[in-house]
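Shown below, as structure tokens, is a lone chain in the form predicted on its own; questions about how it binds or moves come after it.
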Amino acid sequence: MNPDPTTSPSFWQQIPQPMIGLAPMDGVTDSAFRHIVALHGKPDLTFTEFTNVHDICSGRLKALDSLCYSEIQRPVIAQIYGKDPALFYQAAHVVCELGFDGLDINMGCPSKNVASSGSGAGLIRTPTLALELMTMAQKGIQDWAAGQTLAQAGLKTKALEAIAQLHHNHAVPRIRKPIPLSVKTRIGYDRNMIDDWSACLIQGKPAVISIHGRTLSQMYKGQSDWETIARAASLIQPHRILVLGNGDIRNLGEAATRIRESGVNGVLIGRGSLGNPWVFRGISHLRESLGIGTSYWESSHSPSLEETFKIMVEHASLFEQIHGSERFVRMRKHLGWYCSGFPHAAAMRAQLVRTHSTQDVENLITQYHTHNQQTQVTGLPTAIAAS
């Protein structure tokens, strides 16, 4: 007998509250970054960067690269986006087949290319379609759990072959059981419309709704509206749906403040984790002591410069192993984010964002140490500081 998704507990019910997770970020939360964050920060959960359902169902290998993960990242949730209900049905099968713990639908990306096509935050303008996507994704999850194969779901040979390659990096589920559906969204399109939008999403009966406190038109400007997030939590939680808040959280102290003031079940940290995978350190203590001020978290959980450099090299090496040296250019922004808060960080950053390999990174760190020891007064020598 297949388990009843309405009674079978999911990982969402097993995580202590308030929960703190790594938010999905396009072009950022690739497998290497998620692994480093899981290893050195240990968030309660992680999301992949979003993947287009068309790319998943057509077997586009470069796009499917975003669906690679390591066991240390669990619980790990695959985030997908698009606007074709039939493809959401098929993509749900793939996400289940690859062993993800959950499936998340992106209804919050403000990117012009995404939103203007009717996907991401563009779905806020088409609530009927948004609900249909949720329904088809849940149907796909249920049909997969009932034993339907990817081929029976309609996936073509090219997609089946591409997905088979990913199986080498995943623990394929031995028992077919439904995984929970969640949604990540914003408070509105060009204005705050959280009451109507919440009412719509509630009808889809997701396990969790994550809310970024800005409208689509705001992009990432201004301040995240946590009063509206609190309003959303009060509307959604009575329906036995968890609410996670998101926006402008830089450390666990700020997370504790937002959780206490808004009443959400937890938060997702996005930009606060850039170059800062250890931002999640101390979650268990946060749950015990929500009243501790932000200064405690900023001073007690910051790594030494040596540790920062060590993790930077580890991250670069892992990126090369997973994504290949030919794509190292995507690693450069991460290297730049690591460079702040220490002497000559800007000069170091200017060099790191031009590297082509982990060896280049190691060489620059060696030069930094050598030259920084030689000159404490005159500044960073030309070998490092030249831009």
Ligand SMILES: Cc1cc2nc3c(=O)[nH]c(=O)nc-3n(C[C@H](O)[C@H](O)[C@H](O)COP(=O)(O)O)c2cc1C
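For every residue, the number given is its place in the sequence shown, counted from 1. The structure presented is a predicted model; accordingly, all values stated were derived computationally and were not measured.
Just so you know, the form predicted in complex with this ligand exists too; it's not on screen, but the next bit is about it.
Of the residues 322, 353, 28, 347, just one reaches this ligand in the predicted bound form with a heavy atom at 4.5 Å or closer; this is 28.
Scanning 133, 103, 268, 187 against this ligand in the predicted bound form with a 4.5 Å heavy atom cut-off leaves one residue, 268.
The candidate stretches are 46-54, 353-361, 30-38, 66-74, and the one lying within 4.5 Å of this ligand in the predicted bound form by heavy atoms is 46-54. None of the heavy atoms of residue 19 is located within 4.5 Å of this ligand in the predicted bound form. When contacts are judged by a 4.5 Å heavy atom cut-off, residue 248 counts as touching this ligand in the predicted bound form.
In the predicted bound form, this ligand stays beyond 4.5 Å of every heavy atom belonging to residue 93.
Shown alone here, residue 119 lies farther than 4.5 Å from this ligand in the predicted bound form, counting heavy atoms only. If you take 76-91 and check each residue for a heavy atom within 4.5 Å of this ligand in the predicted bound form, you get just 79.
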